[in-house]
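Just one chain follows, in the form predicted on its own, and it is written as structure tokens.
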């Protein structure tokens, strides 16, 4: 446990930096750097912060940065504090005061000096992260020179190879190209770079690309409650891909709960920082807090949050449109007829004004008129706009498929005959048919259902497979349970899809109610088939409760005569009318030893086989060993 203790120096920092025993090792250049770090406008300032700087009343505290794989402390970040129980104790208040008193650079220089000074005195192993803004770093290098600054770091007892300059961006970087040059010189001396609070709204992907820091800290907005927010998890996974390109280690800031730590660990984030791992203290931590170490050592696999809605189904960028010729406002009926005769498979022709589509002409309707007696003699040289639909259906190529469902269900069904015009930024691209539209919507909806079931919004086949593979890779034992309804088809046939959907949603609610969301995964394969992946020790009793509660609640979905009779008369799969008991639930469970399985498909197969035995034997729950194939 860490205790707050006085800083191990009773002399003012200015005197310590320039004490006699060090003075022999300091050249004039280095001495000027030490003076620049803590002087300047501070001597003249009359504000509260200037007074604190003159009296050396600011002090550093240290917060651990730990490996999320092993729990070992990797480094510490130095954070500044003002006098306790004052308005300038918190760092935000200090930054605000620095801006108000126009002491931004002097304040930052002092913080760096205080952190290095104390870290050198403590002589602790490990790296030290020190915050400095890009502009302050550039100003300091211009004023003092890179070599002199690094020499001072060594004199203070800190190895440059153990120092990480954490670039903060509370203001935009004014000269990014110059910063890249300075960073190259600093890095050549062994000092590493980090970007702070990436993703907070001020951070720059260009800065990441240009200076290529060894470390990037993910802003706490994305890590807080990540165990409950799938969108945050997806964002961090995207950052991991960028980090891999630049060979950057990610550090998750703001870890405050057991669940968030477990998710970040299982995501493969290398390092973490936050109150749950260790709070800032006057002395560096020897180890992370016990509760955090317990989580890291516990190999239970986190259940990643999933989007509780069907994901976007995509756009018409994948749509196979017809590359069709067009006509314009001056095209005659005879010219249009020749165009259609030359393209016998075209269902319609778009009329454009320049590149902008203004109408569509249906092939069948036009040729029906064109074939009438004396039509060509009277109307052949007239404008084809006589037969045009002036309100064609226009669809942008990047239009979301989900939005197009409204077209399929609208009262205006002319798209079935005329088709529609495909545009890009309002410019004509080609044609599509009603059949193409229906097929695209159907295919993309099916693909979306593989990620999230549209009825229950539970994870579909792809997340199920991914979670099984994570469980297998972890080496932990778990139970795969396959749940399926008995006599569901006759119920659905008898009462219709609406009541059938209600029964499936009932099962979804019960499975989620009897699973620990931190340990157990619930997936909806499709129809009335569900997969439950348990790591909880009480999994068997939870499965039995699902079975019992479903039997009690599903009865209400039958009408009174069926409840009284204990079932319904309905046709079986062979068309024979017979009696079917009330719908119940069967669960086949398999104990999975990861070393016996290679992939998720094998696990799903043995779980499905256990489910088959449960339904065949007429038992609610059947438990099999993973070796039973």
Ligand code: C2E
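Numbering follows the first chain given and starts at 1. Keep in mind that this is a model prediction, so the values were computed, not measured.
Keep in mind that the form predicted in complex with the ligand is not shown, yet the notes after this line are about it.
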Residue 274 within 4.5 Å of the ligand in the predicted bound form, heavy atoms: yes
Is residue 286 near the ligand? Define near as a heavy atom within 4.5 Å, in the predicted bound form. no
Although the partner isn't part of this model, could you tell me whether residue 63 comes within 4.5 Å of the ligand in the predicted bound form, counting any heavy atom of the residue? yes
Heavy atoms within 4.5 Å of the ligand in the predicted bound form: does residue 197 have any? yes
Looking at 274-282, 487-495, 379-387, 176-184, which stretch has residues with any non-hydrogen atom within 4.5 Å of the ligand in the predicted bound form? 274-282
Report yes if all three of 500, 529 and 584 come within 4.5 Å of the ligand in the predicted bound form by some heavy atom, otherwise no. no
Checking 160, 120, 434, 91 against the ligand in the predicted bound form, the residue with a non-hydrogen atom inside 4.5 angstroms turns out to be 91
Partner-free chain; cross-checking the ligand in the predicted bound form, the single residue of 324, 140, 95, 233 with a heavy atom within 4.5 Å is 95
Sequence-ordered list of residues in 105-133 near the ligand in the predicted bound form, where near means a heavy atom within 4.5 Å: 108, 111, 131, 132, 133
